[in-house]
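Coming up is one lone chain in structure tokens, specifically the form predicted alone.
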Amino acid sequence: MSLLTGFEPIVRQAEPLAQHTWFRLGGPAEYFAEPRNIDELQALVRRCAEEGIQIRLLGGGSNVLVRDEGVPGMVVALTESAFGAIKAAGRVITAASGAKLGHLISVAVREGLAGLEPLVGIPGTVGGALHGNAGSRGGDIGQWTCHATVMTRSGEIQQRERDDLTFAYRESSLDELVILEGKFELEQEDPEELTKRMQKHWIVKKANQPLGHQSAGCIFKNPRGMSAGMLIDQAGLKGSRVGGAEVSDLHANFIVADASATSQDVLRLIDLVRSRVAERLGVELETEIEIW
């Protein structure tokens, strides 16, 4: 039996991944799947486990750089409506992993539920945000998470209660193959005040980040007590280029790519920034972006 037998409607071969990421760079996936519901996803995960096929989940593509040679194995994207539902009940909002983080924040604010609005402007999906504990100076998503449903690499669906969850800076204990949904217990507040606060966060973020460029989220994690962007700036690296990739003049922890850029350009620029910051300031930067 072929890997694709029975999955022909949802699996494509040699799918270009550049169109699925914010950087718009990188080669193809050997196999690319968009399951229509949880049952199809579970069956596909089990088939890949049986066949020894590596499987990866692609969320909004805002925190991923795909290498020019592409990705072996199966890449799964939860783009169908079955993976995008958001429901509010009292102080709790339940969001499926494929829902956009921005949509979750908008629903929370509309319902008069506070806590997530400092995350406005952070791209990507709820699943990706939970996996990497997305956050800003105003807090992170983990502090509001009270429950998660996950799927393991063998296709088993499991529940994770608050006591089972650990969140730290840009990481979480939610490292199973798929985060299916998360529940968030928030604080009640006036929707109008929340809207104003969300708009202020958005204005500040828009003014300080290259949101309209061919780019991604922050490239490096902030070292303890320091700003990666400030360190890169202090090392004199704003505007540095390798091929078609450049350190943003607006925020030094962002790399922007022009139409001629390759993933290799971005990778070489990342290496240049790391080595210069280490050499000039004695700080080792750790990447926040995932490199496939």
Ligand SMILES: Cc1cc2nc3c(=O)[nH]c(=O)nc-3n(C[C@H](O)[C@H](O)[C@H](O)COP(=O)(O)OP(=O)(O)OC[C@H]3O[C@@H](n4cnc5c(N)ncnc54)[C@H](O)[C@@H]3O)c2cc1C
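Residue indices: 1-based, along the sequence shown. Note that the coordinates shown come from a computational prediction; the quantities given were computed from them, not determined experimentally.
Below, we refer to the form predicted in complex with the named molecule, which is not included among the displayed structures.
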Taking Pro16, Val66 and Ala245 as a possible spot, do all three reach the named molecule in the model of the complex with a heavy atom inside 4.5 Å?
no
Between the options Ala252, Leu58, Ala257, Leu44, which residue brings a heavy atom to within 4.5 Å of the named molecule in the model of the complex?
Leu58
Just one of Val71, Ile122, Ile93, Val109 has a heavy atom within 4.5 Å of the named molecule in the model of the complex. Which one?
Ile122
Just one of 157-165, 85-93, 109-117, 177-185 has heavy atoms within 4.5 Å of the named molecule in the model of the complex; which?
177-185
The named molecule contact in the model of the complex: Ala134, any heavy atom under 4.5 Å
yes
Residue-level contact is defined here as any heavy atom of the residue lying within 4.5 Å of the named molecule in the model of the complex; does Ser172 satisfy this criterion?
no
Although the partner isn't part of this model, could you tell me whether Trp292 comes within 4.5 Å of the named molecule in the model of the complex, counting any heavy atom of the residue?
yes
When the contact criterion is heavy atoms within 4.5 Å, does Leu78 count as touching the named molecule in the model of the complex?
yes
With the partner left out here, which residues of 10-24 have a non-hydrogen atom within 4.5 Å of the named molecule in the model of the complex?
Trp22
